[in-house]
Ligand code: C5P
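Shown next as structure tokens: one chain only, the form predicted alone.
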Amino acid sequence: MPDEVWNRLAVALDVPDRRSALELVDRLDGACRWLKVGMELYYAAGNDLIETLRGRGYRIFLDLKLHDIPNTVAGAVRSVTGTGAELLTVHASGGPAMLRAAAEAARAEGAPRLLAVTVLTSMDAAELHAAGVQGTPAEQVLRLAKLATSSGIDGMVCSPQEVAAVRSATGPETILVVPGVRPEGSAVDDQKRVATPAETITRGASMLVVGRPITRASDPAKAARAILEEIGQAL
């Protein structure tokens, strides 16, 4: 399978501990190149797990959604630099000063490329309004994507519903990583703004993040390969 296809899928290791993560990786049987390590797993297993996964040949997307004062976020980016993770998330809603501080810290050699989380895929208009944000999710995503781009961030995390608009607004070089991807017939679970792998790639996504449709499948390797095949057909 071409690199162009392999690099378009990250499997989310949304499990609670190192043992569960490594068991899942064994079941994936090399059917993906990228693994996403989120807060739950990272806080439980730490950098040692990142080193182990990299030693097995995987590329790491560290999804920590950093959101704090500028100095603290910059320090966190510097701390992560030594892990070898290649992608790291910050919250776009942290504001321009925080985003600029993160981008400056990420200029160091070996630092991960930064992705700004716009609006979580579990949120819809009602959730945004409850948090004091008026307008639609699409409007807020575009507003935050433009802010992140102007602040020096490499890419964005957005839902399949907004990826085409963000691609148009930020240009071809922006990394657009898209969760909330569900193969036809899969359960939506707690996601609100979803689409199929083919639809999401066609709209301009750089990489899809897929968790439960793969990790809860009876054969995770087979499920991952099916999504890669769908991605290949959409390119």
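Residue numbers run from 1 along the displayed sequence. All of these numbers come straight from a predicted model, not from anything done at the bench.
Just so you know, the form predicted together with cytidine-5'-monophosphate exists too; it's not on screen, but the next bit is about it.
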| So, R33, R203 and E230: all three within 4.5 Å of cytidine-5'-monophosphate in the model of the complex by heavy atoms, or not? | no
| Counting only non-hydrogen atoms and a 4.5 angstroms cut-off, does P220 reach cytidine-5'-monophosphate in the model of the complex? | no
| message | Taking cytidine-5'-monophosphate as it sits in the model of the complex, is R212 near enough to touch it, meaning that at least one heavy atom pair lies within 4.5 angstroms? | response | yes
| Does K65 reach cytidine-5'-monophosphate in the model of the complex, with heavy atoms at most 4.5 Å apart? | yes
| request: Answer yes if any heavy atom of V157 is within 4.5 Å of a heavy atom of cytidine-5'-monophosphate in the model of the complex; otherwise answer no. | output: yes
| message | Just to be sure I understand the contacts: of A111, V73, L147, L120, which is the one whose heavy atoms reach within 4.5 angstroms of cytidine-5'-monophosphate in the model of the complex? | response | L120
| message | By the heavy atom within 4.5 Å rule, which residue out of R59, R27, R182, R167 makes contact with cytidine-5'-monophosphate in the model of the complex? | response | R182
| message | Using a 4.5 Å heavy atom cut-off, which of 120-128, 137-145, 100-108, 74-82 contacts cytidine-5'-monophosphate in the model of the complex? | response | 120-128
| said: Where, within 1-34, is there a heavy atom within 4.5 Å of cytidine-5'-monophosphate in the model of the complex? Residue list please. | reply: A12, D14
